[in-house]
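Take a look at this single chain in C-alpha cells; it is the form predicted alone.
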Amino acid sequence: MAWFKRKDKNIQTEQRKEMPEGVWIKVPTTGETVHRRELEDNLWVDPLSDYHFRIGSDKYFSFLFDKGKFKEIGQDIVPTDPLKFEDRKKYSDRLDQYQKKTGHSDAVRVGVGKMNDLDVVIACMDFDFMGGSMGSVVGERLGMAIDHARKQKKPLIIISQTGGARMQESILSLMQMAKTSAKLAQLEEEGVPYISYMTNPTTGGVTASFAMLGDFNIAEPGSLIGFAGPRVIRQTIGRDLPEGFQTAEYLLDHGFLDLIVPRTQMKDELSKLLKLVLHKFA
C-alpha cells in the first residue's frame, strides 16, 4: 500500500546544464576518471594508479625551472622544406599545421635557468609536434644546447619524447644522430654532466643516439623506450616478446637505465644527482 503520491511533475529547468568539456579525464590504464584540476596539481600524474599522462615542454619547464623562469635559446632556428617533400600533403603544409596547433616552431625547445638554485640547460621535446620527430632543426637546437652547456660549464638535461627521425627530411634527419652524439662526446671531454631524461615514448633514432648517452639515463614510470616498435621486432625475429618488453621497468632490470623516477619527484632527484657529480653538497 502506497503511503504517498507525487502530485506535481518533476521540477523542470529551461536550460540544461552541461559539464564543461575536459573537466574529467579518463585514465587509459584503469578506465577511471580524474578531475582535471587534481591532475594539474599533481603534474599530470594520476594519484591512484601513478599513470603518467604525456605533457609537453611548457609544463616540464614550468616545474623544473625555479618559479618556471628561464631564457629560451635557439627559437630563431626554424624548419624549411629542403627536399620539397610531399606524401598525402606537402611537408611545408604539415609544418604550418603543427606550428599553429602547438604554438611551437618545431619539436624541441631549449631553456637556460636555475633548478633548485643550480644553473642548468634543459632541452625538451614535444610529442605533439609531429610525434616529437627529430629533423634538422631539432638536431641544430640540441647542438646549440650542448654547445652552450659545454662553454658555460652548465649541466645539461635532455627530455626525450619522440617517435624517432623525421622521414620528410630523409638523410638530413638521420645525420642528426651522429651530430648530437659527437657533440655529447665533446661535452664529456669537458667534464660537464649530462642527464638523459626519457618519457613516453622514446623510440627510433633518438634512442639510438643522444637518449642513451647520458651520464645518468633515467625515465618516468611506464615509459615505452626502444629503437623499433614491438610489432616490427616480433615480425623480424618471428618470436613472441617478453612481457613488459621495452617498458622503463624492463630496461631498468636489464641494465639500460640507471633510475626510474616519478615525475612528482623528478626535480629533486635531478638536483641531487647533479649536486653529487658537481660536489655541491653542503
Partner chain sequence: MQYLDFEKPIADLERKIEELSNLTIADDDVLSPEIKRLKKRVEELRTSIFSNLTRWQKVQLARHPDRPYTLDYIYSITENFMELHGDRYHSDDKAIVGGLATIDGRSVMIMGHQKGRDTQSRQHRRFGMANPEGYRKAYRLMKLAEKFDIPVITLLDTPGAYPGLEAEERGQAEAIAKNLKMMATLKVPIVTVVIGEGASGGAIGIGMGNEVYMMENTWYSVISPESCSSILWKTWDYKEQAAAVLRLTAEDLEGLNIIDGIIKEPLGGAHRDPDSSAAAVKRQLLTSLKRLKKMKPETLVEKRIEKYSKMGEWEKRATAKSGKSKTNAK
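Please read these numbers as outputs of a predicted model, since none were measured by experiment. Residue numbers count along the first chain shown, from 1.
Another form, the form predicted together with the partner chain, is not on view; read the next lines as being about it.
Novice: Looking in the model of the complex, any heavy atom of E86 within 4.5 Å of the partner chain?
Specialist: Answer yes; at least one heavy atom of E86 falls within 4.5 Å of the partner chain in the model of the complex.
Novice: Verify the contact flag for Q161: yes if a non-hydrogen atom of it lies within 4.5 Å of a non-hydrogen atom of the partner chain in the model of the complex, no if not.
Specialist: No.
Novice: I'd like to know whether P221 contacts the partner chain in the model of the complex, with contact meaning heavy atoms within 4.5 angstroms.
Specialist: Judged by the heavy-atom cut-off of 4.5 Å, P221 is well away from the partner chain in the model of the complex.
Novice: Would F53 sit within 4.5 Å of the partner chain in the model of the complex, counting heavy atoms only?
Specialist: No - in the model of the complex, heavy atoms of F53 and the partner chain never come within 4.5 Å of each other.
Novice: Could you list the residues in 172-187 that come within 4.5 Å of the partner chain in the model of the complex, counting only heavy atoms and keeping sequence order?
Specialist: Residues within 4.5 Å: L172, S173, L174, M175, Q176, M177, A178, K179, S181, A182, K183, L184, A185, Q186.
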